[in-house]
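Read on for two forms of one protein chain; each stands alone as structure tokens, with the labels structure 1 and structure 2.
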Structure 1
């Protein structure tokens, strides 16, 4: 493999990770506000299918994207409404929605299977894309990939360096305290769930109109991505930068699976495709194990030096969820 091929491959990793970045950051916003939207996997499928169907019917990429975003917001608002207004379990509703939207996508997408449709074109950035190596690696994408770069920084800035971001974190951690100080907790939860849903919805057309253009029903290869995004939200510790890092790691692993395939003829390609999932469990294990009682007990029994090192390593990996995640809040 030449170095040029490797650079093209790595650029491909950034390109294919864009929809995962959207979904992960969308879910990060939603969960930061205290709402779990478990419907991501089905939502991505339904928004991918709807965007493709709308884009094919209207010959317009723009309306395709609008459709995908609207689907994402609609599903997310169903979760928010059933939790905030109807006090139903977010996990239950999100789970039903993830299965139902998947079947809806397969059912309604049936007539559009295998059709030729429009796709987003590349926008090489003038001058910058001509820089050797870096130009190919960073400045020769379609607008969605650029947007994914901007989104990572913007989301991080919003959550950690602005006043609305502070309020966002507050309603996910201590909603009662935030409410007393004047934050309209439930209104903001609707807002951030809709925003998160819109970003998850954006992942759909990013697949069906760009990264994996077209709609191929059950073999579209999108089933499972949403679960990865949900796991990356945890892996990222509800931090957009760390979550995006996870998305790139995932895309890199998938690419390596493809590249290494010819060297491992005994392993069927389906096995390599699912390889990132066991890694997902392992990473979740690493980031969560520090929270368990028995680890805390074991640490307390270690000699001081070993304890300091073990604690430092665990701290570095450990993530702690927003403390009001998944709960409802009565504004009274």
Structure 2
């Protein structure tokens, strides 16, 4: 494989990871606020179908994206309302919703299967797109991919370097303390759940109007992406930058599955196509492996230098969920 083909492939990784970045950062906002939205997988499918259907019907990509975002917000707010107002389990409601929205996408999308529709085109950035290597790698995408780059930085800055971000972390960690200090906990949970749902909803049209243009029902290849986004939220430690890194890693593994296929003819192509999913699960298991007793005993038996480096790596990988994640809060 030539260096040019590698650069094109890596650019493709950044392109195909964009919707996963949207969904992962959206769920990061939601869970930082203390709400678990397990409907992500079904939401991506329903928003992908809805946005494509609206874009085909109105001949407008803009209204297609609006439809996808509205679907995402609506499903997420259903989870928030069920939890905050009705005191129902976020996990149970989210899981039922992901099954319902998935089946709705397949059922309502039947008339649109295989149709040709509008799609988002690349917008090469003048001058920058002509730079050798970097031009192809970073400056020759559609607006959605550029937005995914900006979103990573903006979300990280908002959560960790602004006062509203501090309040967001507080309502997910210590909602009672945040409320005493004047934060409207439940209103903010609605707000951030809606924001997270909008970003998850944006992932759908990013697929059906850009990355995998069109709607092909059960063979669209989108079922399961939402579960990966949920896993990446945990893998990233509820940090947008680490979560985005996980999204790019997953897209890279998918690309490598295609690249390595000609060199491994004895391995069925389905194995390499599915491999990124169990690999991400395995990576997720390593996130908190440093807390296990057998690992601590193993570290104790290592030479001092090796133990020091291993401990640093395990601490970097370790994540701690927001303390109030999945709980309800009564404002008195």
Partner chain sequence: MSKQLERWGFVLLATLVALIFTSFVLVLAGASPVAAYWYILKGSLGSWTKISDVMVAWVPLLLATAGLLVTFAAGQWNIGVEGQIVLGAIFTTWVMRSLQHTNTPAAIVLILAFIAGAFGGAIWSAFAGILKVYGGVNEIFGGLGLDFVAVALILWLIFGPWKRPGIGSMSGTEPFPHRLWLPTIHGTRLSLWALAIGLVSIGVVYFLLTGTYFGLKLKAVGRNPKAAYLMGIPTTKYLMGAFIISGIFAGLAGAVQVTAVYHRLIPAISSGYGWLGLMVSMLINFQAAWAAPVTFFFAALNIGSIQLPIMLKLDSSLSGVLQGALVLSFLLLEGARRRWVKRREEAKNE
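As the structure is a prediction and not an experimental result, all values here were calculated from the model. Only the largest set of C-alpha atoms that superpose within 1.5 Å between the two forms is called the rigid core. Numbering follows the first chain given and starts at 1.
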Here the form predicted together with its partner chain is displayed as structure 1
Once you line up the core, how about residue 311: does its CA shift reach 2 Å between structures 1 and 2?
-> yes
C-alpha of residue 60: shift of 2 angstroms or more between structures 1 and 2, rigid core aligned?
-> no
Rigid core fit between structures 1 and 2: Cα deviation of residue 299 in angstrom | 7.1
